[in-house]
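In the structure tokens that follow, the same protein chain appears in two forms, which are kept apart as structure 1 and structure 2.
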Structure 1
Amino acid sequence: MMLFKLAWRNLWRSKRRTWITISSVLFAVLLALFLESMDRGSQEVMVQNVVRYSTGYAQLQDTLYFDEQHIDNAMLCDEDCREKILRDFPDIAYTVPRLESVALAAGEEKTRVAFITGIDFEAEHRFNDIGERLREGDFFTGGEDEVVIGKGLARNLDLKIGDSLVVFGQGFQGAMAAGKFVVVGLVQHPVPDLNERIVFMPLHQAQWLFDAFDRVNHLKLVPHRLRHHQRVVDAINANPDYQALQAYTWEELQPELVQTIEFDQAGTLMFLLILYVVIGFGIFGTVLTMTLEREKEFGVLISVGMQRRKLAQVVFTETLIMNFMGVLLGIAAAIPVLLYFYYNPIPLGEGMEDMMAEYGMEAVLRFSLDPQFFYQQAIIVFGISMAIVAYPVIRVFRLDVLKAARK
């Protein structure tokens, strides 16, 4: 306790020197958090866009569907089945069913291969706000034989609201899938390729078209807390009542996205390593200057009988206090900055708007508020600054008292 009091008093004998050291740690933490938040934010947006419009955070399938994604491997799952899943697994907030298959779509004169998707509109909109992508017409009016198609497909087939769309393909177990539908809406799908092919229809209508009554290709599982999707998958796969089905996380269903994120993280890590080196030298320069300025003080203290070990402990405690204060103040300074950019993303300029819009993303640079990287970066910078404390401690033990006292 005495050493702590002595170290605390020593710090404020030279306030300017103390605040310079604290500021070096503060700005190091602030810069590291800013860069990590910016990188995490872009990754979160990437995951959200792919997951929301494709696989979902977790997905339930027939055991055969993963290896052969064909409508013949669609699983039986009606409304009662979905309600049973919610009862058996309380971590699941709701489910999003889909029945998907490829078929030939035709307008009056042109044909295209289309991706027919039967959806429960309320569940789908709750999950990914698909209704907000509507550009013309309505998203199902309650009538019979209605479809909503991508704007790209409408352009390719020369279709507009009220026109007829003919669909011809193969249904469940070889059944013929043919029907004539009315186009009631046009959507701008965030995935450019799907925008050229997508056809949405009510789930019951798609089941009738493909003769796959009460069947879905997969069931998206949306947990109450999205980060618990692995827990949901593990619980389902461990339940013997669901042996005929298999649950997967989005990481298992989107390995390419995982690799992209890992590659991006590797690049960010390299940049952060360079930043840590700069931070380390910056803090070391401050500590070096502080140590050299105090050599005479150290020499006098040792001359009057203070043990080098005790003096080293005081110096260590001083540096510990300054580093701890720098880290805390750095986090405190970063929070309002990151909060501002979280709610006010940085615009990327008009030139990026069209390109980003094709992928369903705004032309802005988003930031993350994931608490994990706050303590990670704080610990790393604190560790770097504490490693540098070895210099003044070693300097105390090697100090030439006579030379230091003459300064």
Structure 2
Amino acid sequence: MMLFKLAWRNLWRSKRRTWITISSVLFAVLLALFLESMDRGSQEVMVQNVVRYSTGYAQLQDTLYFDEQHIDNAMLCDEDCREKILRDFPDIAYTVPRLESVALAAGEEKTRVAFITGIDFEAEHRFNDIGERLREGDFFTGGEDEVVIGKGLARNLDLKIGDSLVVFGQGFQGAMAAGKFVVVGLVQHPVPDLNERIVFMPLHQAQWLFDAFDRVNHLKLVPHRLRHHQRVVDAINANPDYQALQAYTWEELQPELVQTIEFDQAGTLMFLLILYVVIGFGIFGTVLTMTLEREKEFGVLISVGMQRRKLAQVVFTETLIMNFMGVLLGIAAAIPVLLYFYYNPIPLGEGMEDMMAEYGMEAVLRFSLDPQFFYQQAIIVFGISMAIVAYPVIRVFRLDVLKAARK
């Protein structure tokens, strides 16, 4: 207790210096958290957008499909099969089937390459809110031969609600796929490329069109908790009943996205490293002067009978308190700031909008509140200060009492 009192009083020997050090730790933590939050926020958005509108967090495919993503390798899976999956793997909340193939789509006069996608609308909407992207009409009215198409495709083909669309392509194992459909809805697909190509139709209708009954290209597996996707994939791949199928995580299906994120993280890490070094030297400077200017006093304390170990405890506690305060205040300051930006993302300039839209993202900088990086940053800054405290501790153990007293 006396040691703590001593440390505490020593800390406030030079109030200004201590506050400057605490503030530098505070701002380091604040800045690091801000950067991390922004970084993670944009990554989360990126993953969400890309994953939601493309592969899903986990996906089940025919074993051949991964290498040759063609309708010929579509897997057999009907309603019963989907229900069995839910029974077999309780981590999975629901599945989202898709049967998709490229085909020509023609309006009155123009023709475009289109991306014909058979969906279970309810499952699809539950997964990615595609219904919210509907701009005109309905997502199917229950009539025959209905399609909902991307606004971009509609514009390119000069189509509006009620017009007919002719699809011509190849179905399962070379079967001819041709049909005439009526446009009942227009969606603004968030992925620009897909907005110009997408043609949604009910799953059974696509199966009929492509002559692929009970088949789907893949099933998205949506776990109850999104971060359990790896567990779900591992469970399926380990189950002998599913030998003909193969499950993948989004990381396996989208290595480019993983790379982009890693690259992004490396950039932030570089910046943080520089920040850590700068802050580290700042704290070190304070600790250095705090130590050197007191060597004489240390000498007296050891002379009168204070064990070096106890004295080391005092200087250790001093640095500990200083950094603890810095880290805690930094986190305390970061929380309101990050909360604000979490609810009010920073809008990006006009120029960015197009670029961001390429990835199907809103042109805003989103922030993450993932608690994980809060304590990660805290631990790192704390670790740095622990490395720094080694200096005065070593100094205390090496101190030559007689020399110190003579100074």
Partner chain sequence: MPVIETNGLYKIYNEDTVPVYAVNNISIQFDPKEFTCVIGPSGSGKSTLLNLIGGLDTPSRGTVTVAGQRIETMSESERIRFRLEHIGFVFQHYNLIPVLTAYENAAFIMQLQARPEEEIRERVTGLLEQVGLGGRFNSRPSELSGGEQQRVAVVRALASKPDFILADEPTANLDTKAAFNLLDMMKQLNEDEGITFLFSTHDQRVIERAGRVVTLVDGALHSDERKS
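Each form is matched to the other, and the largest set of C-alpha atoms that superpose within 1.5 Å is called the rigid core. FYI, numbering is relative to structure 1, first residue = 1. A quick note: this is a predicted structure, and the numbers were derived from the prediction, not measured.
Remark: structure 2 matches the stated condition (the form predicted together with the partner chain). After superposing the rigid core, the C-alpha of K296 moves by 2 Å or more between structure 1 and structure 2. Comparing the forms between structure 1 and structure 2 on their rigid core, the Cα displacement of Q307 reaches 2 Å or more. Core-aligned CA deviation for F168 between structure 1 and structure 2: less than 2 Å.
On a core-based overlay, M322 has a Cα shift of 3.4 Å between structure 1 and structure 2. The rigid core superposition between structure 1 and structure 2 gives a CA shift for L11 of 5.3 Å.
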